[in-house]
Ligand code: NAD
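This document starts with one chain, in the form predicted alone, laid out as structure tokens.
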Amino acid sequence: MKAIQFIAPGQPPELREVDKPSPGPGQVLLKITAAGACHSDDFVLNAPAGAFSYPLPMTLGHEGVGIVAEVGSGVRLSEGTAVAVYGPWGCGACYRCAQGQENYCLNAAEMSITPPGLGTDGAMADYLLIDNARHLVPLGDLDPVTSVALTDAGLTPYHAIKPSLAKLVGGTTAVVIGAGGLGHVGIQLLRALTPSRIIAVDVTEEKLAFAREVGAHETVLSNADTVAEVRKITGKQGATAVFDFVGYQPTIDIAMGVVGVLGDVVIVGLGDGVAAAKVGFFSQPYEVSVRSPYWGTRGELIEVLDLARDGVLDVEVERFSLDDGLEAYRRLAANDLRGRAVVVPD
């Protein structure tokens, strides 16, 4: 079968022929119907040697949906069932996993449990081996191409926004920094789940126009004047919640500069992996909370897919065949995508 693989640090991925896996006891083999390319992939591909101890070559793709093709003994899924892959795999037995929070598994690191496409072979292939059926949720009649990104680009912003919902009442403001793959979904979620005024911040007028299309009430260019321009809109109250889907130092500084008293700053984007918020008594308004969440829970993925069925979410996607999947990664690296890149096997 064909697979797009990470071969060596700092090198572009390659399309290769690999062996088709077979499911063992408790495992499921999926025929992939769509796989999403994500900036996390680009981050991993360009990380210095030694930054990640992933076994190479490794098939990319931590966003995946497919059809159950084969099952191992003990699995009660029917062949032909359409499913979405819950990516942050855990041990399934620790305190966090018992609550469905496998994204925060307490044992994953020491047990070398990694997500598909981020340590384990992923979905950028004709087939994907799932280690346990609990990592699959029903896709139903959702379009695989337009829904595959919801497994990360929908789940991650949803998980980031949920803890702030109690604060985002009438008369409040939510700021979204970065209106790309995750941010444009975050705007839609905020618009559907809260009455807050939404201000989108990005680096080009094209991105800001896109943000308005998906629901932003106001838009502000990201530059030296961003904090002052956002403050003109929010007044003394400042932003009630700021969601940074970029995560570089300048965007984190903007977030800390526009948040108001008792507000939330949520750093979602990976950025360069080292940027940080300056926190202290004199560094930000009183009682600001700063969070850096990771992915989301299995239950939240089910909720996100239900929102998509209700017509709340419309993920912007560009479609590529598996043979053209390397172009998807080139476009991703060049930041030349309007929304999410989705690879569809032939």
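From 1 onward, residues are counted along the sequence shown. Keep in mind it's a predicted model, so treat the numbers as computed, not measured.
If you look for the form predicted in complex with ligand NAD, you will not find it shown, but the lines that follow are about it.
J.: Looking at ligand NAD in the predicted complex, is some heavy atom of each of I177, V246 and G271 within 4.5 Å of it?
T.: Checking in the predicted complex: I177, V246 and G271 are all within 4.5 Å of ligand NAD.
J.: Answer with yes or no whether E102 is in contact with ligand NAD in the predicted complex, where contact means some heavy atom within 4.5 Å.
T.: So E102 does not count as contacting ligand NAD.
J.: So in the predicted complex, does Y294 come within 4.5 Å of ligand NAD, heavy atom to heavy atom?
T.: Taking the distances in the predicted complex, the answer for Y294 is yes, it comes within 4.5 Å of ligand NAD.
J.: T156 near ligand NAD in the predicted complex, any heavy atom under 4.5 Å?
T.: Because a heavy atom of T156 falls inside 4.5 Å of ligand NAD in the predicted complex, the answer is yes.
J.: Determine whether any heavy atom of V261 comes within 4.5 Å of a heavy atom of ligand NAD in the predicted complex, and answer yes or no.
T.: V261: no, not in contact with ligand NAD in the predicted complex.
J.: If you check V242, V201, A123, V148 against ligand NAD in the predicted complex, which one has a heavy atom within 4.5 Å?
T.: Of V242, V201, A123, V148, the residue with a heavy atom within 4.5 Å of ligand NAD in the predicted complex is V201.
J.: Among the candidate residues T251, S164, T172, T114, which is the single one with a non-hydrogen atom no more than 4.5 Å from ligand NAD in the predicted complex?
T.: Selected residue: T251.
J.: Exactly one stretch in 276 to 284, 31 to 39, 310 to 318, 65 to 73 has heavy atoms within 4.5 Å of ligand NAD in the predicted complex; which is it?
T.: Going by heavy atoms within 4.5 Å, the stretch is 31 to 39.
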